[in-house]
Structures are given as structure tokens and as C-alpha cells.
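Shown next as C-alpha cells: one chain only, the form predicted alone.
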């Protein structure tokens, strides 16, 4: 388990632009971001999921959407992921509950396209993720609805949006590297479908006891049937622990 103190994490954040432009295997951050950096440099596709949760697997208190579970260093990490992908994907439930901007703000880099999965057209036209700021904004839905203001709409046959079909659509749009950011239901659907190459799980040193659950998959019949990815772990400032799971390498 690799630890980062606050000063070191900040210093490495300042050199982020150089790290993402030029491989530096001596940089302590390299193992965390190398898969995405290499995929981008080589023009390869990659789908990475991320989730922040407590020690007891909760993403928020009951009814506590919008609360921050993880520390500032974990937010920097999330923004680094955004800076390395072509598109960031969330479900409409997260868009309605948290109203995230989905932009790159806490590190250097360009904001990715923002993709909202909204099967029944519930998204508010005033949602922050739809604000015109130069990044593409795309709503994937099964209904006939227009959002205006330059927002693109991609209609799929309903009643549900299938992860494989969504990713095929995004590749056709030129998005080879995709971040599935949330919420837990959307992430769980992509994980259950075998549609993720990597998964970053950020664990906060907090025990809620109850609350909204994180990853939810069909119950494994036995431990032998569980997902067992190759995993590395990193301790961030403020005590968050990042588990980097390679789902393509057992």
C-alpha cells in the first residue's frame, strides 16, 4: 500500500500536466494513471468506473445526496480521471440529486464531454451538466425529447439503456476512453455487464451504519464466483484509500 502525504500529493498535482504529457515511471502517481495515460497515447479504448464510499459501503446518508464522503485529495483524483478521458457518464438520478458540473477544476486538463443516461427524459434543462462551456453535452434516452442550447440527444430503443449499446454509441461519437462516474446504480450496471476495464474504489475512513449503498451486484452463489480483480491500493491524504482494480487481469 503506497502512502501519499499532503505536501507530496500537492506537489505531484502541480506537475500533472507534465505527467500526462510525458510518461514518467519514477513519478509516484504513474502506477495509478498509467493505464489511462498509455491508452490515450496509443489511441486505445478504455472504460473506467469510479466510486467513493465509506468503510461500510455507503455513498451517502439516508436522504443525504450531495454530501461529500471523501476528502479533498480524492476530489483531485476524480478530476484527474476526468482530464484523461474523452467522456464522463452519469445516470439521471445522480444528475437530479447532486447537480454535478462534471468539469475539470482541481487539476490541469481539458474537461471531457458530458453524457447523461436519461431513459425517460427526466433531466432538468437547467442542470449544471448541460451548461454550455465548450464541452459536448449529450443525453442518451429512449424518448423523443429535445433539450436545446446545443445539447445533443441520442435516442436508443427502450425501455432500458444497455451498457454495451451505450459504449458502442460513444465509440461512434469518437469517445474511446470513458469514465463511468456515477451514481452507484449506473456503475453497478456497467460492472455487472462486464463493461468496465478498471474500477477505482475510494474508501473514506467513515462508518455510517446505514445509508445509501454503493456497488450492488447480483449475489454470488459462492466466493469462487465473485469478481476477483488484480488490485493495488494507495493511501491518500486525509486517510482515504484508493483501490485500483484491474478487471481484465485476475
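Numbering follows the first chain given and starts at 1. Since the structure is predicted, the reported quantities are computational estimates derived from the model, not experimental observations.
Only in words, not in the display: the form predicted together with a small molecule, which the text now covers.
Taking the partner from elsewhere, no residue among 49, 169 and 194 has a non-hydrogen atom within 4.5 angstroms of the small molecule in the model of the complex. At a distance threshold of 4.5 angstroms between non-hydrogen atoms, residue 44 is out of contact with the small molecule in the model of the complex. Taking the partner from elsewhere, residue 199 is found to have every heavy atom lying beyond 4.5 Å of the small molecule in the model of the complex. Under a 4.5 angstroms non-hydrogen atom cutoff, the small molecule in the model of the complex lacks residue 71 among its neighbouring residues.
Residue 97 belongs to the set of residues with a heavy atom inside 4.5 Å of the small molecule in the model of the complex. Heavy atoms within 4.5 Å of the small molecule in the model of the complex map, among the stretches 107-115, 171-179, 128-136, 153-161, onto 153-161 alone. For the candidate set 60, 215, 36, 203, a heavy atom within 4.5 Å of the small molecule in the model of the complex is found for exactly one residue, namely 60.
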